[in-house]
Every structure is written in C-alpha cells, then in structure tokens.
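Taking the form predicted alone, here's one chain by itself in structure tokens.
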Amino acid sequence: MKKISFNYAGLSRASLLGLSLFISPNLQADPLKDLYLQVSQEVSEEANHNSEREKKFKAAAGEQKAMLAEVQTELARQEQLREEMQQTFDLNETQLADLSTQLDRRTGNLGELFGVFRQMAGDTEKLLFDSLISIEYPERKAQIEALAATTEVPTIAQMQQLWAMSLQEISESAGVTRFNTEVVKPSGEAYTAEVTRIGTFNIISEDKYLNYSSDTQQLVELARQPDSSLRSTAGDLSQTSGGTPVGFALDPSRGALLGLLVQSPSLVERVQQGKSVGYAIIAVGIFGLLVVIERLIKLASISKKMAKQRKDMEHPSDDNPLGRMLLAYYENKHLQDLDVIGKKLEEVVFKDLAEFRRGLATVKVLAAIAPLMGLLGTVTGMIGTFQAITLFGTGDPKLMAGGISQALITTVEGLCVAIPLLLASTILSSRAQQMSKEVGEQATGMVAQKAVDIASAKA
C-alpha cells in the first residue's frame, strides 16, 4: 500500500487560507456558488429535454411497429392473391389448350385451306407487285396486301377475290393496252405520257423503252436506249391505231435482256477503250483506206481509157499507157533497129508501170504495221492490268477491266485494219499486174510486127 505522509507546514498554510475564506463571505459575492447554481439549472434543463426526446422516440417506435404490422399483413394478402392468380393462370392455360385442341379438331381441313390460302396470297402479292399490269390497275396492290395479311380463316368472298385477281393477271398478260401514267426521265424529271403495255413483258412510250421499278413503283426511261432498229419497232407500235399487225422487238425476259443490251458499250466507247494506241491504229487504217480508194479510182480510170484505146488502135491518145506506147511506136516506127525501138517502148512502158504500182508498197506496209500496233496495245494494256493488280489486288475486277479492254480492243482494231488493207493490196497488185501485162503484150507484139516488116523488106 502507498504510504501517505502529511506536510505539516503546508497544512498550516491551508488552514490559514481556509480561515481567511470563512472570514470573507460577508464582505463580497460567491462566484463558485453562482457557477454551481447555473450548472445545476442547465443539468436540470438537459434532463428535461432528454426526457422529452425519449418520449418522442418511444412514440415513433410504436408507430413504426404498427406500420410493420400493417406491411406484414399486406404482404400476406398479396401472397395470397398471387397464389390465387397463379391458380387462375394455370386454369386458363389448361382451358386454352383444350380450346385450341377443340378448335383444331373442329376446323379440320379448314386449317390446311388457310395455310394454302396464305401461301397463294403471298406468292400472288409478289407477282402483282412486280407485274406491269399493276401500273394500269394500281388498286390491286392494296387488295392483295389485305389478303396476304389476313390472320383468320379466309371467307369465300376473299378466296373469290384472290381467284379473280389471278384470272385478271392471266388475261391481261396476253393483251396490248394503252393508258396514261407518270413517267420519270433519267434526269429525275417526271411527266405524264401515254404508254403502251405489251402483256407483262415490256412497256414503251413512243419509241422509248421503259423500266418498272417495283421498289419505287415508278416507270423510268432507260438511261441508254437500244439502237435505232429496235426503237423504230417501238415507235411503230406506239403509233399504230390497231388492226394492222406491226413488228415489235419483244424482250421475253421482262427487261433483263434489254438491260444487259443497253449496258453493252457502244462503238464509240469501244474505240475509246483502245486509248492512244487505238487512235493511232485507226489513223493508220484511215490513211491506208484513202490510199486504196485513190488507187482503185486511178486504176479504174486508166483501165477505162485503155479499153477505149483498144477499140481504136489507129488513133492513139496520150491519156493512157497503151496510147502512149502506140505513140512511141509510131514516132520510132521509121527506125530499122529493133533494139532502139524496143528501148523507146520500154522507157514508156516502165514509166507507166511505175504509175500502176504507186502506193501499193505503202498499203502493204500499213497492212503489216497495223497488227504490230495492235500487239503494242495488248502489251501496254496488260502492263496496266498488272499495275492495277499490284496496287489494288484482285478484289475488284473493274480495276483490271480497263487494261484488259485496251489489250483486246487494240488487237481487234489492228486486225480490222490489217485484213482489209491486205486484201486491197492483193486486189490492187493483181489489177496493176494485169494492166502491165496487157501493155507489155501490146509492146512485144508491135516489136515483133516490126521485126517481121524489117525481115520482109530485106527479103
């Protein structure tokens, strides 16, 4: 235990101090007492406040307890209701299954009839939406849509309506009718025009073929019309008043073949596909053709004059090789030296032979150059194709089409130029050779006759 010791000196000082305190109350106010009273009052007030709070807490706890009891009661009631509704649902499911079985048993073949009707209505809907006849009878689309969308067993009236629409499609597919409707130009401008429908195959307006878009339900002019021979048949059919048969270029594929036909490149587009090499080949061909035409005209003129000269050998003319040869003979006929006469005639004949063969070598060269230029275009086209493959791969064939088209077109152009030029060269050569042979035979005959005359004079 801790030992307690007292300090008597300190105790003596405290006693003196306490003594002094007991002495002073009558002389000044006591702050400690005031503090005590204030603290006591505050403690009392706080105790009262806490008591009131406690009462409130107890009251709130009672209310929450009552609410909890109400919620538990409502939860029990809802669970009971859920059980009842689950039993009702199960009972309804059972009744629905029984009713469905009863409906299937009672409908019997009507169910199969309903399925067939729905299928037929769906097929007919697609047929009518794509048919040109629906342009003339647009109300059919709403009717067939209603029939295809039905979810109940069809009535007799509905089945008769579907049957009537099918009969109308069959009957109208064999007829040619005219009516006014809206047509859209390739530029997007719409106008009303009289169109002629040829069954379910084609539809035209004047001499233009139209295309029917089932997606937009519009008649659109083909961006590129077929050639004039086909368009003329469409124009004849549009203008005929009936009773007189007219020819018409019908597309039995309902526009598919016509679409492919108009997409094929024209002659100008094919020439453009040959690019610079193709243009050079065409220039060579035109130049060669001009030379051939000039030679044909020239040889024909000479041949005509020679034929005229053959009919009158006694009056030679200097406008043809035969006449010039006769003039040379008659001018030197007085000479008695056959070699001199022969040289004079050869001079004239050789000069005319050169005229016969002028330009033939040029035609042969052009005929030989044209296929070589076509080969050049083939090589450059394939180089372009391989460059496209290197840059873009082989995923898009259109990127390679330009080079391949150039290769093929230039080859065709080269052959198309070379073959006619080669044939023309052969014809011109044959013609020139024939005329040369004729002049040569005449000259040889005259020299021979002169030799006979000289021999007769010497004899």
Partner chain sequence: MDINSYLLDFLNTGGNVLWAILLVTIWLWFLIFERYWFFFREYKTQQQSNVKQWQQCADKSSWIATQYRRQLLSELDCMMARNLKLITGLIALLPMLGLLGTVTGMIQVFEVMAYLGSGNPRAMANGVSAATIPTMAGMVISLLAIPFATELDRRYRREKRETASAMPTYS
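Numbering follows the first chain given and starts at 1. Just so you know, these numbers come straight off a predicted model, no measurement behind them.
Same protein, other form: the form predicted in complex with its partner chain, not shown, and the subject of what follows.
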Item to check | Contact segment among 257-265, 78-86, 295-303, 136-144, judged by heavy atoms lying within 4.5 Å of its partner chain in the model of the complex | outcome: 257-265
Checklist entry - If you check in the model of the complex, is Leu338 within 4.5 Å of its partner chain, heavy atoms only? => result yes
Next on the checklist: Is Ser430 part of the interface with its partner chain in the model of the complex - any heavy atom within 4.5 Å?
Outcome noted: yes
Checklist entry - Would Leu210 count as a contact of its partner chain in the model of the complex, using a 4.5 angstroms cut-off between non-hydrogen atoms? => result no
Item to check | Gly342: touches its partner chain in the model of the complex, heavy atom cutoff 4.5 angstroms | outcome: yes
Checklist outcome for this item: Contact with its partner chain in the model of the complex, heavy atom within 4.5 Å, among Lys308, Arg270, Arg358, Arg178 goes to Arg270
Checklist entry - Considering only 412-426, what residues come within 4.5 Å of its partner chain in the model of the complex, judged by heavy atoms? => result Val412, Leu415, Cys416, Ala418, Ile419, Leu422, Leu423, Thr426
